[in-house]
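Next up: just one chain, as structure tokens, the form predicted alone.
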């Protein structure tokens, strides 16, 4: 078990902390596997009523660890990243997220599957899949247009430029913006409020809110995954990742 994900359970709340700050909490296959396992355990554990996902006061997650990602590319629904994505999308109990600093790629798209999201005023969200020669994942091609409206979604997904906490609040991605030093504590307070409520009511209310799109989310996630895997092997992605590793600007002029 990697210490890059810290798991702590207390008073009905399981907290998953991204703990790889020296690498900007970039996520490896081992981290995805641990988070997927933790979500599966929490879903089946009657003593767990709420899950909190948090990072550091300075960074939530820079997205995938590029080196690890290239060495361990996603390989179908059984791969760690897709186990995590399907696990968080189908998780039956409330999930609260606390986000400070950069939230890149999966650092943003996982939030689409959380129920409450609290952000520091230093949070910067981005979904730069096109800039990497790839396509959206985590059903974000469905959920971001639904949440943001088409034109704002197009700006976020096609340009891939960061947008700040107040913009995320305006489009409904986050519930509240706070000073960074207060975010994790506030998320824990809200989680404890949820944990004090009847779990059967929490689960049924969440199920009813999500039932209209649960099957569609799973279908879109699978379709995105197939496209993502194909595009990962194509020239545009090879150029983008090569440029990243070589610390240069990618050249897509002939692609």
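Residue numbers count along the first chain shown, from 1. Treat the numbers as computed from the prediction; the structure is a model and nothing was measured.
The following text describes the form predicted in complex with a small molecule, which does not appear among the structures shown.
Screening 38-46, 183-191, 214-222, 23-31 for residues having heavy atoms within 4.5 Å of the small molecule in the model of the complex returns a single hit, 23-31.
Not displayed here, the small molecule is approached by residue 129 to within 4.5 Å at the level of heavy atoms in the model of the complex. Shown alone here, residue 199 lies farther than 4.5 Å from the small molecule in the model of the complex, counting heavy atoms only. Put simply, residue 104 is close to the small molecule in the model of the complex: some heavy atom of it is within 4.5 Å. For residue 54, no non-hydrogen atom is located within 4.5 Å of the small molecule in the model of the complex, even though that partner is not displayed.
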